[in-house]
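Quick setup: one chain, the form predicted alone, written in structure tokens, and binding and motion questions come after.
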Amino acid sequence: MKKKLWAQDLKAIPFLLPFFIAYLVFTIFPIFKGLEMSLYDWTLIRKLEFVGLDNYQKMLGDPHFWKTLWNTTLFVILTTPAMLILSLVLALLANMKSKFTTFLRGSYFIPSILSVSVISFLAIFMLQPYNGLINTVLHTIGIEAEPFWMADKALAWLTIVIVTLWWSVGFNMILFLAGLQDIPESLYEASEIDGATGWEKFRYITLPQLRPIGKIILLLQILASYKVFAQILLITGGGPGGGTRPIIQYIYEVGFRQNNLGYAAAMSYALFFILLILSVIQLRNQKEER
């Protein structure tokens, strides 16, 4: 029996080999190359000299690194809880039995297929002062003050958070919707026999059954939010005054505008270890609850 299984596994090797080679070349090799780069004074043209841990030491005393890391953490704090709640609410609406079910599911998910450049352009177009759609609506309902969405730090963060939620909530909604459809209908039927109300069914059946997928969404959302870059670069450019600049944008500027790939690689590894620690904590919590 074992020999037969081994023979089947050997037959699969030629089919798996191209993907394994691509994984080595485009995933494993860059990881070790980046670690080497962080230990050198390395420009866009060539590596210059071995500097050891100097780039990491420089990073610890760099106020821009800590400020952009805080900006990124603030973005995670602002978006993650809102994303979980909003995607769950939309999934519950999309799971209701009505003639609008297909329309609701499509409407919620369509923004997820748009590119980041498109959603950023829409945000800039709608939030322009004096003639933007949002400011025009505010003037129509009697608000005379002219909001400058990109010039005020609080308004800029509000814009980024709302745009990100609108753009990416559809994907998490689909995950919650899949979890809802996996809940056995017999549980709800039994609760109805016992006289459970709608809120009790949601609290004691729906939420516990969705807990595993909810934890996966939480982990994916934290990791994705720590890698935020493109929408902030395109909408606010990191402004005003660097108030919304995330860590990825700072790494990009150091590496490709200041021509210092070694220092950029060191900061990339710092971010990598933060995400690794968060992932390990989350996975250990899931393992302990099983």
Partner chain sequence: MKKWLTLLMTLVLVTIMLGACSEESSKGAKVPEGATEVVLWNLFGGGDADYFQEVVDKYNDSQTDIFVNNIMQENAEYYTKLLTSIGAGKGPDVAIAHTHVIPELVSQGLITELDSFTSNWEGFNQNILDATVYDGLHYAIPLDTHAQIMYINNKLVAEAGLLNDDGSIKMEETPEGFIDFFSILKEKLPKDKIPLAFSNNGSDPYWMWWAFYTQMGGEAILTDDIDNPKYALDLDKAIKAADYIKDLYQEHKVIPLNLADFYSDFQTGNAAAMSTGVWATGIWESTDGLDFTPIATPTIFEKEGAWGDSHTLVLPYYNKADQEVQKAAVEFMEFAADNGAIWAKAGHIPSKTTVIESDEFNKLPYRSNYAEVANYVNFADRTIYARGVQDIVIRNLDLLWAGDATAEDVFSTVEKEVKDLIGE
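Note that the coordinates shown come from a computational prediction; the quantities given were computed from them, not determined experimentally. Numbering follows the first chain given and starts at 1.
Separately, the form predicted in complex with the partner chain exists; it is not shown, and the next lines address it.
The partner chain is not shown here, but in the predicted bound form it comes within 4.5 Å of a heavy atom of A151.
Taking the partner from the other structure, the partner chain in the predicted bound form has no heavy atom within 4.5 Å of any heavy atom of S112.
The closest non-hydrogen atom of P81 lies beyond 4.5 Å of the partner chain in the predicted bound form. Residue contact with the partner chain in the predicted bound form: K227 places no heavy atom within 4.5 Å of it.
Just one listed stretch, out of 26-34, 49-57, 244-252, 219-227, contacts the partner chain in the predicted bound form at the 4.5 Å heavy atom level, and that stretch is 244-252. For the options T206, Q128, S168, S120, the one in contact with the partner chain in the predicted bound form, meaning a heavy atom within 4.5 Å, is Q128. In sequence order, T43, L44, I45, R46 are the residues of 36-50 having a heavy atom within 4.5 Å of the partner chain in the predicted bound form; the partner itself is omitted from this view.
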